[in-house]
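Here you get one chain, nothing else, as structure tokens; it is the form predicted on its own.
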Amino acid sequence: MIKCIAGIIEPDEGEIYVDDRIINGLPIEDREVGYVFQEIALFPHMTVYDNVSYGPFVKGRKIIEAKDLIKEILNMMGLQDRAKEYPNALSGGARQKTAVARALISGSKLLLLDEPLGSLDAKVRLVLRYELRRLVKDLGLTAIHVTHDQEEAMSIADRMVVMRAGEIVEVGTPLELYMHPKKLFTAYFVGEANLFVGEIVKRNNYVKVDIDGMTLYSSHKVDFEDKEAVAVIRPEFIVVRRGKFSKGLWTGVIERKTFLGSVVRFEVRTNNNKMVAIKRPVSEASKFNVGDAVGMVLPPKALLLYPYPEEGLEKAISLE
């Protein structure tokens, strides 16, 4: 999609508008978009300064006239002290910053970022993604940022577009797509989610769902008539308890415990042979261990319901 916007690929059909201006058929250099590739494509024989100033140079602008702008961009990217260095002397993060600076100096209001942080170390990615967001906001740009890293997308985007096999599935804010996705695929794809196939047995203030003999409740209204449904709940919303369990509480045994940093992920096998993923703060980790019998509270306000897909659940949530 972004290659079509940039002019690298011409679409078979449809029209592309940037600021209400149709750009189909326009040469790449006339589209006024900046493009940052996943592969850090710098000229190895040029310094940081020369790489950044390449755009104005090929467009016929005198370097003397563009000098102030180049200096401003380098300062903004924190590259002013490295202007005379060559790409092979830079870290991955500094090289990608140089690539971003080169894209920005074109004067474009639209910045296309094609997985720009994918080849960088995790720590560098974390720092640079927030710097990119700050930069885009400070300059008043629009950025289309393609990434497979969901945490990266949710942490920097104002609006997210979930795509599957080249088609748009759903559009919304990161919070909307995480907390209240309209599509089952989005609920499964964005973040981690537990999916249970069951039957709706009552629709009152709470929707009651039977999952192979165990009951779940949802406080969300359902807008479909089907009885067969898919219940979805995220691991971090499930509360774990020990001790005597009240009737109707989901119970099971912890089969796996994984430390993930700030949270601990548990896998619990229920009495009706369902596997439930649960994430709890690391402060709770010492209370529960593999082999423990536990009860689980699945809050109705966190339980989302979707009609069972006609093509089957596996195909509906497939990435292709």
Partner chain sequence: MPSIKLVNVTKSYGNVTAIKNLSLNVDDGEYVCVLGPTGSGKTTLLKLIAGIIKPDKGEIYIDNKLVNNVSPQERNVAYVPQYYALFPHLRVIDNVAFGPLSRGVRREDAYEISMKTLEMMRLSWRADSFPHELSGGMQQRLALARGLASGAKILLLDEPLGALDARLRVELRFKLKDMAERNKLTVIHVTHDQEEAMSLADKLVILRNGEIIQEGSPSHIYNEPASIFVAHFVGGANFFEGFVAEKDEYGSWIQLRNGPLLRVNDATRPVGEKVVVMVREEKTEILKMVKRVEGINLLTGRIEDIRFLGNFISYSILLDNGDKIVSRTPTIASIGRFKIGERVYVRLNAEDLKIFSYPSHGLYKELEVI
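Residue numbers count along the first chain shown, from 1. All figures in this text were calculated on a predicted structure; none of them were measured in a lab.
In what follows, reference is made to the form predicted in complex with the partner chain, a form of this protein that is not presented.
Considering the partner chain in the model of the complex, the lone stretch of 242-250, 206-214, 219-227, 124-132 in range is 124-132 [heavy atom distance within 4.5 Å]. Within this chain, V161 is remote from the site of the partner chain in the model of the complex, having no heavy atom within 4.5 Å. Remark: R256 counts among the residues lining the partner chain in the model of the complex, judged by a heavy atom distance of 4.5 Å or less. Taking the partner from elsewhere, G291 is found to have every heavy atom lying beyond 4.5 Å of the partner chain in the model of the complex. By the criterion of a heavy atom within 4.5 Å, D149 is counted among the residues contacting the partner chain in the model of the complex. A193 is the sole member of A143, L74, A193, L184 with a non-hydrogen atom lying within 4.5 angstroms of the partner chain in the model of the complex. Contacts to the partner chain in the model of the complex (heavy atom within 4.5 Å) from stretch 293-320: L319, E320.
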